[in-house]
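Shown next are two forms of a single protein chain, provided one at a time as structure tokens under the names structure 1 and structure 2.
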Structure 1
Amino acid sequence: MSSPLLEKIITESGQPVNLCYQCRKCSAGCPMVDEFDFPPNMVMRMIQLGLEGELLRSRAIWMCVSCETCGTRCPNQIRIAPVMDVLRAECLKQGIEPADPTTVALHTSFIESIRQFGRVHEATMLLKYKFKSKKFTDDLDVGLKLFLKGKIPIMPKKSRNLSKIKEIFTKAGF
């Protein structure tokens, strides 16, 4: 595989994507496959073929929940979850509009919370997510119940060494 993206995938994910021979065991066991526009085996093939644009615009890369079922069963020991991580990062890096902005909104809100406190503060994180995803009404009942059950604390807890946390973010390019 010689396109820049594909070499990047093999080096960064450490996964031998070139070995995939299309047995489709990954797709057969994937819990999310119905939500994918390209099943995991196809994603492997698209990487081999260098179909970069299509891949980075795909919904598949955002729908993978990293359950690692496929990677556990792959006869060529390709873990697809880390491959998906590299693809997602590349999508964002190239400024491509993610096919599932909601997921990105959640993850961005989540890591912003970590950057701020060193830990996640659910209340502010969820609020931020609602603003970003504009899904204000979804799961309001669930949120309220959680709050009433004492599962969403109002005050955030913080890590001690926040400057080190910020440094980790900076080093990762955030």
Structure 2
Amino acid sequence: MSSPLLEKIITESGQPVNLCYQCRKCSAGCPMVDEFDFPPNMVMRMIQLGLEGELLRSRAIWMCVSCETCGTRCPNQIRIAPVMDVLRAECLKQGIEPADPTTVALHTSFIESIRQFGRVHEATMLLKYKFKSKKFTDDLDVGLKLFLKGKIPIMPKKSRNLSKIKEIFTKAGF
């Protein structure tokens, strides 16, 4: 018997989470595991058990950097990054207060920039992030140096395929 969460994750991520047998190779290789409240193998088990509330409130789903190390190590070829994407989207969809609002502010600012321009425009993304996170002066010195060196362009460049990118966001439910 499987949980509704397991079925949702398998369907939306395309990953066979039900095949995870807890070998922990994903967790052993994860470069961010020290930032997680639940290591990747535990996230897989929690999905199998249907522990949706705990997962959607966890730091783990927001700390995953989608490096794909877990998927390359998994004997069942389960890629956890797409699973984390589904969990993050579900957290936002349900309006659940995340465990780490600052990381969520960065994530949503990044996604909004891609949706708007078809690529990341750093200046716009950073402004949105600063207002969402309310961390107005953190890393101001680094930002100023990058701006003065021309690494943060003022004017955005839109992707030539912006309509296609917007179509992808629409299909994804964003």
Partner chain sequence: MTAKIFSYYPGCTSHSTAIEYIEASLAVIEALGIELRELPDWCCCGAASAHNLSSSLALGLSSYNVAEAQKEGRDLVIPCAGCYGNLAQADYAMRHDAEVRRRLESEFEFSFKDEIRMLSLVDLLAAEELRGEIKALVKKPLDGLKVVCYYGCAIVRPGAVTGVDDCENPRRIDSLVADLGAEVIDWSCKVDCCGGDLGLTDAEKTAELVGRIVDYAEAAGADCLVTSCALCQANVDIRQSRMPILYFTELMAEAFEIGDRARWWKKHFNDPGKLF
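Because the structure is predicted, anything quoted here is derived from the model rather than measured. Structure 1 provides the reference sequence; residues are numbered from 1 along it. Only the largest set of C-alpha atoms that superpose within 1.5 Å between the two forms is called the rigid core.
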(message) The form predicted on its own: is that structure 1, or is it structure 2?
(response) 2
(message) After a rigid core superposition, would you say the CA of residue 11 moves by 2 angstroms or more between structure 1 and structure 2, or not?
(response) no
(message) Once the core is aligned, does residue 45 move its Cα by at least 2 Å between structure 1 and structure 2?
(response) no
(request) Determine, after fitting the two forms on their core, whether residue 130 shows a C-alpha shift of 2 Å or more between structure 1 and structure 2. (result) no
(message) Rigid core superposed, I'd like the Cα shift of residue 156 between structure 1 and structure 2 in Å.
(response) 2.6
